[in-house]
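There is one chain below, alone, in structure tokens, taken in the form predicted on its own.
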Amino acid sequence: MNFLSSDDFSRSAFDRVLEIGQAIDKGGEELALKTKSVLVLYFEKPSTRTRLSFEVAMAQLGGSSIYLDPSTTQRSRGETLGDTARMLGRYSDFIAARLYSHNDLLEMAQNSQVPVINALTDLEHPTQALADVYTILKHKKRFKGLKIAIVGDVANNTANSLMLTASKLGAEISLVGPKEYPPNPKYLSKAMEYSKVVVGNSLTEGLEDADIIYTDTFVSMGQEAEAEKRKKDFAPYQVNGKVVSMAKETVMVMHCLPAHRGEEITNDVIDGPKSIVWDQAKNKLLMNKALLLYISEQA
């Protein structure tokens, strides 16, 4: 079973992964993989939380992990991604891949004989979305009736995965950003099949009655060439004290990290009482464990 997209899992599958996460959270550290398994982390892009959380998850579940930088493998000398995937699957039990191109991830999955997990591509970041929805559930106790406002870049990989996952679980989504950067139509239309999704440019309207404010960096990996323009265009959507006050009094603020303090979010917000950013980061470890256990269950 692969986990390439947030839309790969049904509602019941997400419920089961969340259930496993809750069991671990309550002290079920006796949970372990069925066999002494190996995870290969094949990462083209830098990573802190995703890499570390997978490595620690495997160690705590009784397995092990191997990190591969493609520049130090035969990929750097012309081996095809398909051939690389064929070999990785013969040495390991899982592959977590962080790639520039989502199409490359699909090629890897097509050629691997073991489950492939999307650890981030240009289109999606589904393991981040798992940590996000678990954090929301833990703090808000529900999804139905919740309003999640994604502010700033509503077309990036994190926004795509969160809107798919949270809408499938029953939350309402509000996408608030510059009109020049509309959401990905494919992901928007799919999310609308599951729940109410509203797109707008007005912070006042988009944040009205919001239970969660979610933001991310204005410049994603691979967009460095347009960094200055993006920073200028997105500046009005910085999550600061004034913006937070537009939502419910009980609103909570999330950020997938790394944060560029003073750009998409201010210090007083990310370090303030409404921030659950550090719980969110911590829960990446928890949910990567739950994901690995769930995939192992399905084998």
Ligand code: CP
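Note that the structure is predicted; figures quoted are calculated from it, not measured. We number the residues from 1 along the sequence you see.
Below, we refer to the form predicted together with ligand CP, which is not included among the displayed structures.
Student: Using heavy atoms and a 4.5 Å limit, would one call residue 266 a contact residue for ligand CP in the predicted bound form?
Tutor: Flag for residue 266 set to no.
Student: Using a 4.5 angstroms cut-off on non-hydrogen atoms, would residue 48 count as touching ligand CP in the predicted bound form?
Tutor: So residue 48 counts as contacting ligand CP.
Student: Taking heavy atoms and a 4.5 Å cut-off, does residue 253 contact ligand CP in the predicted bound form?
Tutor: Answer no; every heavy atom of residue 253 is more than 4.5 Å from ligand CP in the predicted bound form.
Student: With the partner left out here, check for me: in the predicted bound form, does some heavy atom of residue 128 sit within 4.5 Å of ligand CP?
Tutor: Residue 128: contacts ligand CP in the predicted bound form.
Student: Can you work out which of 38, 257, 270, 246 has a heavy atom no more than 4.5 Å from ligand CP in the predicted bound form?
Tutor: Filtering the options by heavy-atom distance leaves 257.
Student: What stretch, of 120-128, 173-181, 136-144, 89-97, brings heavy atoms to within 4.5 Å of ligand CP in the predicted bound form?
Tutor: In the other structure, the partner sits against 120-128.
Student: Going through 272-299, which residues have a heavy atom within 4.5 Å of ligand CP in the predicted bound form? Please give them in sequence order.
Tutor: Counting only heavy atoms within 4.5 Å of ligand CP in the predicted bound form, the single contacting residue of 272-299 is 284.
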